[in-house]
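A single chain, nothing else alongside it, follows as structure tokens in the form predicted alone.
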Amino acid sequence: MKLVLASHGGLGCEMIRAVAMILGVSVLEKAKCVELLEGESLENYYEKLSKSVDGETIVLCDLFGGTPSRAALMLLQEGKVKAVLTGFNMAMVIDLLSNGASSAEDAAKSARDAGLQGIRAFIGPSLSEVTESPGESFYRKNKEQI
């Protein structure tokens, strides 16, 4: 499996360097990054990204709906990459580079779960963890009134 981080600016490249601090420099051989430059068109970015992938590549994008994810999803539709995950974070990259999943689907599921579990919110000096979103609270209140 090959891993490519597609991002606005140098975010993907810096993420790989940060993950190398944890997993070791060998990750620099396993993961590549493709930066979207300011003012760059979707068509130009698509061409750049397509030169860095093959049919076994998993592409991680920084933001769903942005130019990097749009280009990556075009490549997925064309069968030129194996999977695309959006909204990457460090937990997802570490998981993909260390989980040894046997299939792209298993790797994508594991990375998605790792990314979601890595998102935590704390408030106040007592480090109270926020465990529900405002939408969930709204839903529960309305459900109790029914």
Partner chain sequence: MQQKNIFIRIDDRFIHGQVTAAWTKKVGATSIWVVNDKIAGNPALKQLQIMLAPPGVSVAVLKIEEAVEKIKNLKNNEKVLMLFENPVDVLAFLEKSGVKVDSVQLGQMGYRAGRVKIEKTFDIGPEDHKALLKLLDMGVKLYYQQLPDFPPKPVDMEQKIRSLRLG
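Numbering follows the first chain given and starts at 1. What you see is a predicted model; the values in this text were computed from it and never measured.
The same protein has a further form, the form predicted in complex with the partner chain, not shown here; the description that follows concerns it.
Region of this chain that lies against the partner chain in the predicted complex, out of 26-34, 47-55, 99-107, 63-71 [heavy atom, 4.5 Å]: In the other structure, the partner sits against 63-71.
Glu43: touches the partner chain in the predicted complex, heavy atom cutoff 4.5 angstroms: Looking in the predicted complex, residue contacts with the partner chain include Glu43, since a heavy atom lies within 4.5 Å.
is_contact(Gln77, the partner chain) in the predicted complex, heavy atom dist at most 4.5 Å: Gln77: contacts the partner chain in the predicted complex.
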